[in-house]
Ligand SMILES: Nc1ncnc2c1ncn2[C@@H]1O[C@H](COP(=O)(O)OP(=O)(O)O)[C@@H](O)[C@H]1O
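Here we start with a single chain on its own, the form predicted on its own, put down as structure tokens.
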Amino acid sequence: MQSVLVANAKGGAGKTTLATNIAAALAVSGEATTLWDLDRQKSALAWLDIRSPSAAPIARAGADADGSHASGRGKGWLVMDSPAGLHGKNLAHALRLAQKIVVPVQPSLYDMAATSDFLQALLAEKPLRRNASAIGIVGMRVDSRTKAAATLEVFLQQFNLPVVAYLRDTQLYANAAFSGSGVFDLPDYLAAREVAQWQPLLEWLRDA
């Protein structure tokens, strides 16, 4: 199973939005997809609970209501949504399960400062010291043509990490989430622009 961890120690970075839409994108493409919510708030699983039975199926993994635990083993993809404040042993454990790490960051002073500390901790972990290419940054709520995007790229140069996608600021993500959907579940006339912005990220995820 190919595994993706969406992580940033800063709260409000867009982790759940990114994780649920990655899962939806993979499921819509016909790939077996499992969503594992590592956050105590279980927002990703709440999204999954209201997903339409007619939508592309996404399996559930992790701590269920009865306390049982699904490993997410098998073929396809395992997408992991992580909590804010992820660090230390919990971070190390999550990294051992992941082949690709996606770090969402918004181009604000506060977000970049908090993300700087997280990326330094991330790159200090043994599994990533020799494989930093497994980390991809996603600019959230930003237009790639703006000064904010350029500022974000300059900030990330110190870590030598790629920005694999820029996702613009739009209510489409929030509106889709109310029905357990991602932008890939929406008709083209509503989400064609968003789907196009996602292609570099999906290509990066699938690149072994």
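Residue indices: 1-based, along the sequence shown. These figures come from a predicted structure and were not determined experimentally.
Unshown form predicted together with this ligand; subsequent notes refer to it.
- When contacts are judged by a 4.5 Å heavy atom cut-off, A150 does not count as touching this ligand in the predicted bound form.
- Interface membership of R141, defined by any non-hydrogen atom within 4.5 Å of this ligand in the predicted bound form, is confirmed.
- At the 4.5 Å threshold, heavy atoms of A13 reach this ligand in the predicted bound form.
- Interface membership of K42, defined by any non-hydrogen atom within 4.5 Å of this ligand in the predicted bound form, is ruled out.
- Only one segment in the set 172-180, 156-164, 23-31, 50-58 has any non-hydrogen atom within 4.5 angstroms of this ligand in the predicted bound form, and it is 172-180.
- Looking at 38-55, no residue comes within 4.5 Å of this ligand in the predicted bound form, counting any heavy atom.
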